Each structure stands twice: as structure tokens, then as C-alpha cells.
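Before any questions on how it binds or moves, here is one chain, the form predicted alone, in C-alpha cells.
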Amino acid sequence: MRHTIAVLVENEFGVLSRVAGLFSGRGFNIESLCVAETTDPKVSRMTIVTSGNDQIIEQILKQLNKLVPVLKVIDFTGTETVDRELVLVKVNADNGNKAEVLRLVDIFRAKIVDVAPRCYTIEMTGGEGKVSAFLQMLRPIGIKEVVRTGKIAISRGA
């Protein structure tokens, strides 16, 4: 089962390495990882997506809580969340497919952020399923490059 875990940590060098080391040292995979400063520049928030049964996740949460720079650990499993992913995708754009690219950009509420003579760079945000569906629709057109952020999440409500 996939789990999304938010970890608030002290914003200092080596913290990311220690958290990643905790996962790799125990043979757990990180499927996606996003890290950024919070409103407090002394605190960063990591959003980690991993898979495992309840025992594995419980062990991960306990080990994370033991790390000195970790301030708070939140497992979003069973919690209503708002989650998004950002993708930048560079696609072929010649006279034969420009209209199709523009149609898909419109359907998926994406945005063209760069135009070159033979390609467009498109930005799109949404849930993992929406991002994957968008990429699937662009494949026949010709994807040159893809960059995805991985999931970020926040709980709904107060």
C-alpha cells in the first residue's frame, strides 16, 4: 500500500541525507520525495511517498521520529488530503501536430511555458492520475523530455 508521509525537519545540511539513509539502510524505497522550506526558514517540509504494509510503515514512522533534526512526522494514510504534482514536458511541435498539442493543453488545463521552433514546453499540475493521463496522451505526439516533482500533499480543513 502506498503511503504519503510529511516530515517537518530542521533546515540544516545533512538532514535529507540522514532521512534518505534511514530508508535505504532498511531496504525501503522512496517513490517520490519533495523538500522545501516552510514559512519558517529554519524548518523544511519533506513529502515522502513510499510503499509497504502497516508494519513497515509503522517502523518507518518510529525511525523517523527518532532522528534528531525531525520535528514532526505525519502519515496521511486515512486522512483527507489535497495532493498535487507538477510536470514539465517538452514535446515535438511541428505544423502537423501543433493544433493537437494546443487542444490537449486546453483539455488538461495546462500551460505552454516555452515555445521553440520545433517544440513546446508545457507545465501542468494535478493529481498523479491526471499527470499520467496527460503524459499518455502526449506520447503519440512525441515527448522529448519529462520532469516531474513527485507528490506534495496537505490535509484538508483546519
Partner chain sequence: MQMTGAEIFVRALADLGVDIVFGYPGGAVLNIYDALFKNTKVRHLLCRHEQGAVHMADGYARASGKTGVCLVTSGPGATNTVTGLATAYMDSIPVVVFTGQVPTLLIGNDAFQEADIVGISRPCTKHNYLVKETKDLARIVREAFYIASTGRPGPVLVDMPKDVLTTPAEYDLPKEVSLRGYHPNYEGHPRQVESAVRMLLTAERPVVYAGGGVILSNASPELAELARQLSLPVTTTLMGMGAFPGSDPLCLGMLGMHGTYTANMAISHADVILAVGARFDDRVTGKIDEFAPHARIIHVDIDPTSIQKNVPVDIPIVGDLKDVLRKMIRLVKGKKEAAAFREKTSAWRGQTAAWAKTHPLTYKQGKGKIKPQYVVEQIYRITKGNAIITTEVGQNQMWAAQFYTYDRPRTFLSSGGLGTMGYGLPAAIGAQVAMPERLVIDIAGDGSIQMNIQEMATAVQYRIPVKVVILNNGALGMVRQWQELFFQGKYSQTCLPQIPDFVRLAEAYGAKGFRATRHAEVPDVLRKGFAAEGPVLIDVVVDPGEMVYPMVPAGAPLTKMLLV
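On a predicted model such as this, the values are computed, not experimentally measured, just so you know. Positions refer to the first chain, counted from 1.
Note that the form predicted together with the partner chain isn't included here; everything after this is about it.
The contact with the partner chain in the predicted complex, taken as any heavy atom within 4.5 Å, belongs to 26 out of 103, 26, 111, 118. Only one of the listed residues (70, 33, 57, 133) places a non-hydrogen atom within 4.5 angstroms of the partner chain in the predicted complex, and that residue is 70. Listed stretches are 125 to 133, 60 to 68, 85 to 93, 103 to 111; the contact stretch with the partner chain in the predicted complex is 60 to 68, by a heavy atom cutoff of 4.5 Å. With a 4.5 Å cutoff on heavy atoms, residue 10 counts as touching the partner chain in the predicted complex. For residue 148, no non-hydrogen atom is located within 4.5 Å of the partner chain in the predicted complex, even though that partner is not displayed. Heavy atoms of residue 40 reach within 4.5 Å of the partner chain in the predicted complex, making it an interface residue. Counting a residue when any of its non-hydrogen atoms is within 4.5 Å of the partner chain in the predicted complex, there are no hits in 119 to 158.
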